[in-house]
Structures are given as structure tokens and as C-alpha cells.
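Just one chain is shown here, as C-alpha cells, and it is the form predicted on its own.
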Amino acid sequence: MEILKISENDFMSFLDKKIDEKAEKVIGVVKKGSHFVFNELESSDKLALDYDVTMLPPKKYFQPPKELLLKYKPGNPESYRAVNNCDPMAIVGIHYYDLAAIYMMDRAFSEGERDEHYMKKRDNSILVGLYPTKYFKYRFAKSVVRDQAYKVADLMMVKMNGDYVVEVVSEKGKDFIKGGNFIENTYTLQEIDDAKNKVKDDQKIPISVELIPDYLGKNHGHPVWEVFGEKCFSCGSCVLVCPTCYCFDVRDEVELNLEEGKRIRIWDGCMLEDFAVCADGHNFRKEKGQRFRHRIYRKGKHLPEKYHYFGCVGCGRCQYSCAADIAGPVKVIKYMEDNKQGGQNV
């Protein structure tokens, strides 16, 4: 892996050049009120790489909240035409835990029935990662993320004084930085590693992530599901901000003239009351406690058993967004550990 460096000022000039060239959309983190969001950049002046967490993860560019899949004319099967337009884009400043989430999203949308809408966007994207420079009190990524970030990143950046050290991970990343004032790195590997780990997490999963699938399997009947479920508002905020939630609903929208129609997909989530409703109105997870348990099991048991990685990347968005203050996996598992019955979890 090639390691280069570039001054912060030169990097901003490099981005301005990329924006002017319009070879791809340049997307970065910008400030929105007191929060941060990913947005298309018109100049590097708006870029805010010194951020704690974004309101939504960058997955919104690969699986948009509302996405057009196809258009058709009602009653005419031959008129069905898939819509899969995608402009090239470079997303700058993605924290390593969000890259880890994109790795799992890639697995979900590429294996089995390959999702061409998602994968075309991924194929036309360049991911520029960044190690966090600012503390976020709900983050616990270091206790759950392993090596996934480097499986999808094209470039990884580390802030070093007034420079960015840039690790070139892929050929796409190498091509992207051509023409920029990237020079030979002069920092030691130890200095770089120290900078990567400079910002500490305030939280930590109290159990090794490798043990959690079995741990949850033995605690299906634990009181935590009812205790926390009783407090839940079923608003769905936790799953809608989650970078590893990829459930969706598909709907047809027909114009009032009945001459044109389109098929869309929109975000959906297992914490919403109607998510598990099927034919004849039966709801497989009618109770809030059942839905709460399903969400934690998906992150801590189902996804790890399928992909061999913990299904939560520790970004902390769910806990930050939860009005009832119950959504954080750290809080859930700590409650389970603090409320063992007879020395054993039930």
C-alpha cells in the first residue's frame, strides 16, 4: 500500500480542481445548523472534515431514501423500462465505521440476486475515508469494527498536524489523486497509527463481539426486550439512521390519467409497527418488545452469522436519535449483564 501526504491547503485546492473538472460529483461533509451532513460540494470552502458524526450515513447515495426503479404504461407489459441512471461520484471524508457499513451493504446487495441499482452506484463511486478527528460521546466503533473499512475504501486519510497522510488502497484511488500535490510521506508508521487512534471512544461493547451471537441466542427470553420495548415509541429513528439497515418497500405510483406509472422503493424498517404485516393483516411482530429484540438480533446475531462481522459498526447514531434513550446496543447489553438471574442470563 502506497502512503503519501498532502498539506491541508493543497488538498482543498485539489478538491476545487476536481469540482471544476466535473468528471464526477464531489460529495463531502458540510455543516447544517449544529449538525453535519453529506452533501454535494460547490467548493471546498464548505467542506467540514473536522466533524463528530453525520446525521445520515453515506449509504443514502447508494440506497436513496426514495429511488425510481422503472417506468411503465399501465396495461402494457412491453412498456416496462428499468431506470438506472448514475453519475460518477467521489465521497470525501467517510469515517472508517461508515466504510465498514458500506462493506456489509455491498455484501447484501451483491450476493444472491445482485441488485443492479445499488451496484451501479457503487461501481461509479470513489470512497475517500478519514479517521475521526472529533470525539462523539455515543461512538463505540473501536470495539466492533475490524478490517472492513479497507475492503471498500479507495483512499484512507489521517489528519497529521497541517497535513493529510493518504493511504492509497485501490487503483481507482490512485487514478483519482493524479494531478494533485501528493508527495512522499515523511511520518513514521507509529506516528500515523497514533493519529488514527487519537480520538478515543467513550463507550465499549461489554462482551467480545465474537461471543455476542451465542450470547443473544441464550437470552431470547430476557426481560430486557419487554423493559426496553415498553419505552419504545415505534418511530423508527434508530433504523432509519443506521448505516447497516437496508430494508426497503417497493410501491407502484400511477398517474391520475392512468397513462403513466413508476415503481419506486423507499426505506423501511423493522421497528415500524406495520413492517411485519403480511396477508390478511397478520403481524409477525405485533408487540414492541418483539420488534426491539428483532433489531438487536439482526445486528448481533443474524448478520454476524451470515457475514462473519458484527452487524453494528458502533457509529452511535441510533442512541443519539432515540427519543426514549433505549436504542444503543451498548446500553442493551449492559442492562442484560447487570440483570442476570441466579448468576445466569435467562
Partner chain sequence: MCEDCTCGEEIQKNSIYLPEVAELVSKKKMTDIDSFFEFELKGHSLGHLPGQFAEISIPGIGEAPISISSPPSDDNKFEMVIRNIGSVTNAIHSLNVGDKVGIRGPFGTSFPMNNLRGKNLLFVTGGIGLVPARSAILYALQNRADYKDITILFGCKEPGQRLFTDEIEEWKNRNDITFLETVDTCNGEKWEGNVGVITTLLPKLKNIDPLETYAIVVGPPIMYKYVIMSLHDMDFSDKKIIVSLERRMKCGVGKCGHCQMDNIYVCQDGAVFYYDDIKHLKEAL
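Residue numbers count along the first chain shown, from 1. What you are looking at is a predicted structure, and each value in this text was computed from that prediction instead of being measured.
Keep in mind the form predicted in complex with the partner chain is missing from the figure; the text below concerns it.
Go through 188-196, 92-100, 67-75, 175-183 and give me the stretch that gets within 4.5 Å of the partner chain in the predicted complex, heavy atoms only.
Residues of 67-75 come within 4.5 Å of the partner.
Please tell me whether the candidate spot formed by A82, E116 and D280 is one where all three residues come within 4.5 Å of the partner chain in the predicted complex (heavy atoms).
The answer is yes: all three residues contact the partner (heavy atom, 4.5 Å cut-off).
My question is simply whether R146 lines the interface with the partner chain in the predicted complex - judged by any non-hydrogen atom within 4.5 Å.
Result no; R146 lies far from the partner chain in the predicted complex.
Heavy atoms within 4.5 Å of the partner chain in the predicted complex: does K151 have any?
Answer no; every heavy atom of K151 is more than 4.5 Å from the partner chain in the predicted complex.
Taking 4.5 angstroms as the cut-off for heavy atoms, does E210 touch the partner chain in the predicted complex?
No, E210 stays farther than 4.5 Å from the partner chain in the predicted complex.
Would you classify E171 as touching the partner chain in the predicted complex, given a 4.5 Å non-hydrogen atom cut-off?
Contact check for E171: no, nothing within 4.5 Å of the partner chain in the predicted complex.
Using a 4.5 Å cut-off on any heavy atom, which residues of 298-318 would contact the partner chain in the predicted complex?
R298, H302, E305, K306, in sequence order.
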